[in-house]
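Just the one chain here, laid out as C-alpha cells, in the form predicted alone.
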C-alpha cells in the first residue's frame, strides 16, 4: 500500500472488546507482515498496558499530539510484537477531555498525516464515549470498526454511534466510512446470541464482518499479562479469530471479492473448489521425515515443492486460509516475550516456492 488505512475502533458502550480488538488486530496484522501503528486514544490507556508498557513512566505519549507537538515520531515506541509500534495512551488525556473549552477536532488528524507513508495500517483505540477525544479520532480516520457484544441492548447504542459518524462525515470528514461491525463475545451454546447475530445481519447486511470473535478466556488473560493473544496462547480460538479478522480486512482492501474467512477451517476445506492433489514425487520426498519444526531444525528447504495438502498433513492448517498463497506458522514450542519465531510458506500454483524463517527479538 502506498498510504496507510487509518481505522478507529469505537463503541461508546464499554466492555464490548474494543481494546482487546485493538491489541490483537494490530498484532495479527503485524504477524501477517504489515507495518502497523497502534494509537491509544483512551485515557484508561489499557491498550498500552495490554502490550506491556507502563504509561506512568513515559516521557512522551499521545498527550503530546494534543498539545501541538510537531515531532510526532518521537512519541512512537516499539513493542515486543513483530512489525507493531505504538503511540501510548495516558491518564492525562482525561484532563484534555474535560478542560477543552474550544475543541479543535483536527489535532490527531494533522499528527497522523505525517506518518501515513510509514505504515500499512494505523489503528486507533478510541475512548468509550462520544466526547472530544473520540471525535478527534473519527476526523482522523478513514473508517470505523465497531465491536458489538452479542446482546439485546447493543442495537440501540449502535444507532447512536452511527448517527455520530454521519454527523462527522457531513461536517468534518466526508470520506469517513464504516469498516464493519464486529460481533464479539459470542457463545454458540447460548441461543440468544445466535438470534442477536441474525437480527444484526438483517439490519446491517454487508456491514457485518464474516469473522465472529468467540468468548474466550485466554483473550482477557493475555491482556492481564501485558501481551497479545499470539504471545500468550498462539493456538487458542481467540488467536484464530483475530488472524481471520485481519485477513478479512486485508482482503477487503485489495479486492471486492469476499473470502470465507469467518468459517471454521474444516468448513473452508469442505467448501473450497480449489483442486489439491498429492504430486507423484511425494514418495520420493519421504514425507515421514518432515515434522513440525523447532528452532534447532535446519531442513526447512525440504518443504520446497510440497503441495498444500502435503503441508496440511505435516504441519496442520492451523489458522491459515486455504485460499491464501502465504501461510504462517508459529514454530516455538515455548512462548517467549523476548523471541518470536514464525515460518512463512509461499505457494505458487499449489506448490511451495519459498520458505522464510522470521525471528523477532526485543532490542
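All values reported here derive from a predicted model rather than from experimental measurement. Positions refer to the first chain, counted from 1.
What comes next is about the form predicted together with a small molecule, which is not displayed.
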Next on the checklist: Contact with the small molecule in the predicted complex for residue 220, defined as at least one heavy atom pair within 4.5 Å: yes or no?
Outcome noted: yes
Checklist entry - At the 4.5 Å heavy atom threshold, is residue 44 in contact with the small molecule in the predicted complex? => result yes
Checklist entry - Do residue 13 and the small molecule share at least one heavy atom pair within 4.5 Å in the predicted complex? => result yes
Next on the checklist: I'd like to check something about residue 213: if you look in the predicted complex, is any of its heavy atoms closer than or equal to 4.5 Å to a heavy atom of the small molecule?
Outcome noted: yes
Checklist entry - Which listed residue (112, 185, 234, 176) meets the criterion of a heavy atom within 4.5 Å of the small molecule in the predicted complex? => result 185
Next on the checklist: Given a 4.5 Å cut-off on heavy atoms, tell me which of 220-228, 191-199, 132-140, 114-122 is the interface stretch with the small molecule in the predicted complex.
Outcome noted: 220-228
